[in-house]
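In structure tokens, the next block holds one chain alone, the form predicted on its own.
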Amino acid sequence: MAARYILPSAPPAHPAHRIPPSRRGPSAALLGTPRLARPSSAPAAHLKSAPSSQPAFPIDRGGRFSPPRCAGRGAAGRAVTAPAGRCVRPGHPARRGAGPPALPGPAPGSAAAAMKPCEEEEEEGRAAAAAGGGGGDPWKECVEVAVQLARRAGQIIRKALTEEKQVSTKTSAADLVTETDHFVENLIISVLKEKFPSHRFIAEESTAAGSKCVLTDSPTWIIDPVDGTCNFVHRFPTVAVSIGFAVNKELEFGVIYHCTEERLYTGRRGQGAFCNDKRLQVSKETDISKALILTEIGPKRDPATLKLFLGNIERLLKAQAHGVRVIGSSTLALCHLASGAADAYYQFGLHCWDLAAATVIIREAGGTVIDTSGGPLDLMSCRVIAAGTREMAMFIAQEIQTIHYRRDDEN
């Protein structure tokens, strides 16, 4: 039986029950919490949509998501705006100055109406990308949705940080899960499933509950709803939400949101990595005697594992590393590496949802991410070395001893 206990806290649990039923609307049913103010920090420059005044998901006064309106150009270059959820196409009556005909669609105010994109627009983007022309960007919308959801999840986590928590254990006494982990994961997946019904999902708590952890060629979201759950339980503020995205088993982009510091880390294959609007650049240190190294303990605490873990730290300190740090969140430790605040990171016992988003961010910041054997990264192997330079990564690979964990795709 999983151990369950309750930690004392300040305010009562989730505020969803305090929303008057008359004001909840579809978004309250979907999100489960009242709408909070949008964070003041803007998304990274390469993630902004045009026009900048139009957010990815506008929110009306009732707290409901409202889809963006699609605009076109009419006769004599006049701008023509179509109703929400419809796109103006060549030859459409709206372009000829006539009123647009009524088209069937989802019920107004429904979650489907709020979150579903213009299907014709999405098809055009896929076709352009497949043709290799027209500058088609099939994943732009996915990036925008991930940014919006990461911020929304961060608001929920930040509020819940000081509240009473129901805590359970998973694989060990140090492997914790709370009701907030489940709530945030369900929120993210439910929105993504409604918006991208053909996509697949790998998520921490779903996998713990028995879902298969298999990466296929299909577009796949890889989600850690609360990275740093032990920190979260103890109100230690190093906590993040991580959303990665892979297609054809290749990582396309990653979004990591530092919930308490409101820092949005983003990386997109071929387009750079950013923290809010600041481009990230790794350290170029190659000398271990000038390096600050980050790591995490992992869930195993048996004597043999602890001996190997401490032995690896001892080896790096004997090599005259400046120091070894453990901060309790692998995704944020990897973001510190991407920002140049640390020179290397290694760990045994982390999972694909800890690695997916951060791997893109580090690579786009100029860093190296490899297997602890020195070979290419295997996302399902539960082990990694990341560094600002390949020389640093290879030195660590030669120094440390392997701690064996079962692969993610063997569960």
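Residues carry their position along the shown sequence, with the first being 1. Note that this is a predicted model, so its numbers are computed, not measured.
Below: the form predicted together with another copy of the chain, not depicted.
Engineer: Look at the candidate spot formed by 214, 363 and 393 and say whether another copy of the chain comes within 4.5 Å of a heavy atom in all three of them in the predicted bound form.
Structural biologist: No, the whole trio is out of contact, none within 4.5 Å by any heavy atom.
Engineer: Can you tell me which of 218-226, 292-300, 139-147, 182-190 lies within 4.5 Å of another copy of the chain in the predicted bound form, counting heavy atoms only?
Structural biologist: It is the stretch 292-300.
Engineer: With a 4.5 Å heavy atom cut-off, would you call residue 176 a contact of another copy of the chain in the predicted bound form?
Structural biologist: Yes, residue 176 is a contact residue.
Engineer: Consider residue 321 of the chain shown here, and say whether it contacts another copy of the chain in the predicted bound form, taking contact as heavy atoms within 4.5 Å.
Structural biologist: Within the cut-off, so yes.
Engineer: Is there a non-hydrogen atom of residue 313 within 4.5 angstroms of a non-hydrogen atom of another copy of the chain in the predicted bound form?
Structural biologist: So residue 313 counts as contacting another copy of the chain.
Engineer: Within 4.5 Å, heavy atoms only: does residue 234 come near another copy of the chain in the predicted bound form?
Structural biologist: Flag for residue 234 set to yes.
Engineer: Which one, 325, 170, 159, 195, lies within 4.5 Å of another copy of the chain in the predicted bound form by heavy atoms?
Structural biologist: None of the others qualify; the residue that does is 325.
Engineer: Who in 344-369 is close to another copy of the chain in the predicted bound form, meaning a heavy atom within 4.5 Å?
Structural biologist: If the 4.5 Å heavy-atom criterion is applied to another copy of the chain in the predicted bound form, 344-369 yields nothing.
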